[in-house]
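Each of the two blocks below gives one form of the same protein chain as structure tokens; they are labelled structure 1 and structure 2.
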Structure 1
Amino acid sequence: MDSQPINQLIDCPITIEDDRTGTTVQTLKRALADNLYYLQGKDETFATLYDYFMALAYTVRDRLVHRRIKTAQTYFDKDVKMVYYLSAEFLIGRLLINNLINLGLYEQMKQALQESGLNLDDLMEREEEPGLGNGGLGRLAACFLDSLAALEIPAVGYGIRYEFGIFDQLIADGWQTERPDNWLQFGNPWEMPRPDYTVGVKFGGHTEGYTDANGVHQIRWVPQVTVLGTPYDTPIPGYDNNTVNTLRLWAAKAGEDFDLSTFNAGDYTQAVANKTFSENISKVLYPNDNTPQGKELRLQQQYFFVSCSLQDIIRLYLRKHDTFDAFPEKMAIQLNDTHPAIGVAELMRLLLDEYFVPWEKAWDITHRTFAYTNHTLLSEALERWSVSLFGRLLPRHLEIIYEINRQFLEEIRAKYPGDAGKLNRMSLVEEGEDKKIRMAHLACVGSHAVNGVAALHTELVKKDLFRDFYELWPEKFQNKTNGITPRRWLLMSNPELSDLISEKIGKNWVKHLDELKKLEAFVDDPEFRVRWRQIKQSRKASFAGYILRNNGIEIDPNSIFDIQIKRIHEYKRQLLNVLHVIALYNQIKDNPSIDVVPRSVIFGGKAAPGYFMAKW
């Protein structure tokens, strides 16, 4: 060996795997030890469960990084069309198991840990859950990210890196109490900060006109404060492929010049106090589901992450393009509900004021780029912001929305002459003593497609919620029934049933869920039915054990497990379920010898902290 010339060493074939990409048990063991040593700065003498979890997470992350870099390179080289999914919530859940399964590393890692004297289940327990969402809408966004990666679709999810996620629920004396969810306190091994892509987001102030070098009248927004948004990237691997997309979440920070004038005036404490305005923006997730609070901070959050994301998207586009002509052909932006609807006005502002694109062209680009998903028919859940608040916070956007509205209403007036009712109903501005901006209308007018999330819902959107808009633009409306990722919701959460299914019909169902149809061939197979039932029974017994340990209540695993788990909300009618329970109770009390089928009724869910009836 020593006597070999150096060039022969370099040319020799690989004899060992790279420690950061290799997937054999030997390599994983070495990588775990290495990450524990060099990233946690510990060895077996001092390492805690937390250190081992971090070492494990970094070992998995290394395998993601390699794929992430190749994915980013490929998207860049090929200048592919990208999907940008804007959502105020991403309820992605714990990532370790998800990443192990999607990378196909689960079995090897389990063994590598075992051979190292560790247990994967114990380490999985140590992971904090990012609770960056309320309920269905946030989890849908997470399922969509998983599917985008599984289908090898170039995509980025954009949202907010809330410092505090959805509150932890405690039940004390029958009442819900809330505890802050400080999920970042031990650090987050999955995310990578990208401070070099920090952007500024303006708030408040006023606008002023000026004439540019070409003699064209332009508008300039002079803000009261500029907040900085720093992106944190979380890798999103596809199941059984090499794609790793990104979830890019924005954290708000104070700008260096945040309070220069205050500093100069000598008021140091006021200057530091002002810093909290900026940092508060990404502090906490609003714990409301289908019941928005018209709070100023909420609008600040929405504008903050939308502006950061759109500036980022434009930066990415301009890497390969000199003009905005191809923007809608390269960038598809999806608005997940009305929370990011301000994006319509923000893209217009960026194109008009920052890149000097003329109005007609900017409007054409904007509405060909955006699409909007409506998630609720509850009219109280559709956001409306008072014009006074809006104008104070986003003066330039108010001007732009007024101009969009003026042109839009002109179109309506021409199409339906003399129909004042229609103008009132469709306007982006709700008239009245306290005038309001209707964000759902802005999203609808500024998008080329509007979709509901189930067939019935889409019909009601067309018939009731957006009736006038549907009459005007029937081609704009479509249905996209929601879905769930079979990876998390069957493969990972129910391994026993998954194994039985795969044994019968193969494993293709994980990527092609339609294949489950093949199970019907076995429905009359008594042995299959017995095994099916045994698995259900074993899951029920294990859940009964959990309830006994945690709630001190013994339930019969042979009873019907009758379960309602979802946000507590009047329209979901947990109360109807309770009325049934009381009626059953009465039937049994009236006739103790009655032959009832034993039943365990199980409720789970959080109530918005300020929602009086839901907490009762």
Structure 2
Amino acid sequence: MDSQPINQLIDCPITIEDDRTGTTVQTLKRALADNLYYLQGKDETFATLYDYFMALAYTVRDRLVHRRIKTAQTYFDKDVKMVYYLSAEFLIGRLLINNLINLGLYEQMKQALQESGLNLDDLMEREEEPGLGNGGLGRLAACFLDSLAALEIPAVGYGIRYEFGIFDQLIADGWQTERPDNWLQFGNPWEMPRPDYTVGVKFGGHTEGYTDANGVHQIRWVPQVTVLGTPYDTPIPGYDNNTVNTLRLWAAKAGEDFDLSTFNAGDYTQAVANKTFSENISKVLYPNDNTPQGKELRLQQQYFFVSCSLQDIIRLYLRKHDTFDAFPEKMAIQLNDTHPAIGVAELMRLLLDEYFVPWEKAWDITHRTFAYTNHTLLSEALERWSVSLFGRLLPRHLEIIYEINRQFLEEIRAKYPGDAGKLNRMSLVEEGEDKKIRMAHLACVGSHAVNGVAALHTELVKKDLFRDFYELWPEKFQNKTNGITPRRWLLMSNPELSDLISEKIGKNWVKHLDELKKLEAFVDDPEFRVRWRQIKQSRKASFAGYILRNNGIEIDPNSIFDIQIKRIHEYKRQLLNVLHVIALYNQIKDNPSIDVVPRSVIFGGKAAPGYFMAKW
């Protein structure tokens, strides 16, 4: 993602202290009252805590919108290079407190609410969490969006607006059970629908050749069905600056919701069949892929949001440019794992079939535009799609992938003559009774950069997982160690500890986490250590109270809290942790008088609905 920050270019002067943009306590109080009355349609007599939360969220959003419009105008005027981050998941978490902190409004808003007889903590609990991800990959995407805005790097995140997010988890008889996560049931105050940017996405059908007006042979895709993608924008503010970037999520809609003639003929189910098919695409985060139908829906989801996003990216590019010559210099597209890897074939299709760019030029543009992040070292976990499924859903893309593969294998034959094993290992098509398209190989071949997410991970990617590709293109492979945003995971999560840190070393650590090393100067400071322990102990007591209220389990706040929260797998570190717990337990049973420090072991996480071994 090699784009440069727009340092201090975005100027958002507020000349009028009005209810939409003002930041004083009195103005915020007036804005809260207005939004409660005019947007929620309530007054103090009938308003619920949820109404007050919505009024608060709209008050914060007004201040985001002003900066978002100025940011977009700056990007357009300066014709900057943009980063487009394509991810099937964005686990963004609750946005209220994060937005208040990044806007620098936390203290003013807290005071405004107190003077209005309201409590910020109570209202914060009324916010639904957008469950648009499963775990690390989705949280990484969210942290990247936060960091891009904090660094003032022009960026847009693209994904799917899942109507139902990651499921609500229940534990029954020791087993995980799932319940739908209807996070949109009361609406989402942060998003803004953009129906004017709706695009069409094709599925199925067939391809046919034709000769254009210039006598050039072209390919036309005649789809079986076209699904509409409507974008919803969520503003992503940078910390302590005027930059507000965008997360654009796509919702699937039918081209024609209702077939009146079929309905009048008495076939009520078929009359809405197209609507049902279309809306299923953005209905649920990651459908269970243990069935053929589930696999097909996953591929539909991936292609849907990638096609919507690339059409949108091209639209944005063509506002300033008449040709695609500068596309790679102005558009950087990052693939977050293999879920959006179909983008390589889709950008080729759009350039070839919609804009009539010759193959060689289209491939050069595509290759220089994309970069790919790998998240898994397990070869068997890399996405592979059946050729038969691919051909049925995306016939034009299958043709394009075959041609990419043909030219790529010619290059391999020339460089490694007679090495049939290398050809077989590197091919984009996995041979066998059921041929499959290797999406990770497509991403490697179609990108100018490939990265792992930790130093060791990247070394294993180079030496093991993609060894053949690394030998061919060593300059492509690089490391980008995963990080987290300190705004959410320290500043927001533990304000008391954050205040102590800032008191001692200043606030620069919020943007530059390496500055926390300055705390080493206070290691031997008795007063600092006492305050540090008091804050940590207070947080532990608060967490113990939460567990007692919600789980009915009493734990000792003075014990060691051994906490592990991540997606549940049958083979990962949770299993090692459980074995450690068993070992500690057996030690105590064998020697009851052993001197041990009390320990509370706390697990959190969800297993995929179809992952039966992990659900137990």
Partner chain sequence: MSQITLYHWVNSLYPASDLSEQISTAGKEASGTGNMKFALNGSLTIGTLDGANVEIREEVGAENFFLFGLTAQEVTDLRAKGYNPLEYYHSNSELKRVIDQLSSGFFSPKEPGLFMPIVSSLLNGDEYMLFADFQSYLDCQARAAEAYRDQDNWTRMSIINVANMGKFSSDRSISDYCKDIWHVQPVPIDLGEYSQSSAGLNVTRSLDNVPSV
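Rigid core (definition): largest C-alpha set, two forms, superposition within 1.5 Å. Numbering runs along the sequence of structure 1, starting at 1. These numbers come from a predicted model, not from an experiment.
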item: Number of the structure representing the form predicted in complex with the partner chain; value: 1
item: Ile69 C-alpha relocation of at least 2 Å between structure 1 and structure 2, rigid core basis; value: no
item: Ala583 CA shift between structure 1 and structure 2 in angstrom, with the core used for superposition; value: 2.6
